[in-house]
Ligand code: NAD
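Take a look at this single chain in structure tokens; it is the form predicted alone.
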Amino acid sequence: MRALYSSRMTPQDANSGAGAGARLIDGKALAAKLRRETADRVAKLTERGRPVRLDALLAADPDGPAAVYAENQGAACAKLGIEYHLHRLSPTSEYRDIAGRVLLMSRDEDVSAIMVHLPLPDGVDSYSVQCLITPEKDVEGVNPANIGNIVYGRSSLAPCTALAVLAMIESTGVELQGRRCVIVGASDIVGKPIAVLLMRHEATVISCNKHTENLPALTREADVLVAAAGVPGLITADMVKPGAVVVDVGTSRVAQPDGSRRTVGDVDFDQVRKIAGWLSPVPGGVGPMTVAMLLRNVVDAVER
């Protein structure tokens, strides 16, 4: 696993004055740094005659949010010198059409990095489609084989959000070995991979969810707390150990008194920042880093 940052401190050393307010884990700044490093790698590969290319499949409404994301992704690739090939299929495509295109890309020697934009058309199982992406080209780390490879330490193509969370924790300088890390949320592409990555750093990991009995007692013992349950404001100040590193993966749109909607995370930011040593914001935290990690995974796939 390619590390971005060294880990040498305990949470208490990293922010002995936690009462003064948590230090922000700036996802935008970290993502900008990672993009610059990725762009340098792309340039070196291109100079050696190895173009960096990402092939993505889109089978959704051409005017919908998935299409907008795909277009923005293409623009992000262009800024780093990555070729972006978007394979557009009808939003009414059947499984055999989508599966056939994914298999063609997996077998194409000119294609080294593949992702599938979600959602897929009604009736098409995304898991079945993702299983068809050859693991070496699976830059989102969604093929079950890649999850297994992460457990055995044989691949760096992990789910991008999990990699983003690990990099953000490493950026604080906190020593992970032997630290108690609590993950609230156990989804297949976020919570579980994060737990595995932390275990590989010899942390003591406890996996929880919103239904865990006496959850606050467990989170209060965490040197590193990752909130990834998708429940707005689930983590309150009384659930956080003073000086802890807190990474908020949650993203929810909630209504405001004036009728507007605001993006919030799983952590009660204003209150927890008074207790934690380090805290990631929402928005501006894990989100930008996840996109940057996807682009880094593209380069990793090409270098293989």
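Just so it is clear, the model here is predicted, and its values are computed rather than measured. Note that residue numbering follows the sequence shown and begins at 1.
Unshown form predicted together with the named molecule; subsequent notes refer to it.
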With a 4.5 Å heavy atom cut-off to the named molecule in the predicted bound form, the contacting stretch among 173-181, 202-210, 138-146, 92-100 is 202-210
Assert contact residue (the named molecule, in the predicted bound form, non-hydrogen atom within 4.5 Å, options M105, M115, V190, L166) equals V190
Interface check vs the named molecule in the predicted bound form: of A78, V151, C131, V231, the one with a heavy atom inside 4.5 Å is V231
Original post:
Should A186 be counted as a contact of the named molecule in the predicted bound form, where contact means heavy atoms within 4.5 Å?
Top reply: yes
ask   = Should L215 be counted as a contact of the named molecule in the predicted bound form, where contact means heavy atoms within 4.5 Å?
value = yes
With a cut-off of 4.5 Å between heavy atoms, is G250 one of the residues that contacts the named molecule in the predicted bound form?
yes
task: Would you check, heavy atoms only and a 4.5 Å threshold, whether M293 touches the named molecule in the predicted bound form?
output: no
Near the named molecule in the predicted bound form, with a heavy atom at 4.5 Å or closer, the residues from 49-69 are none
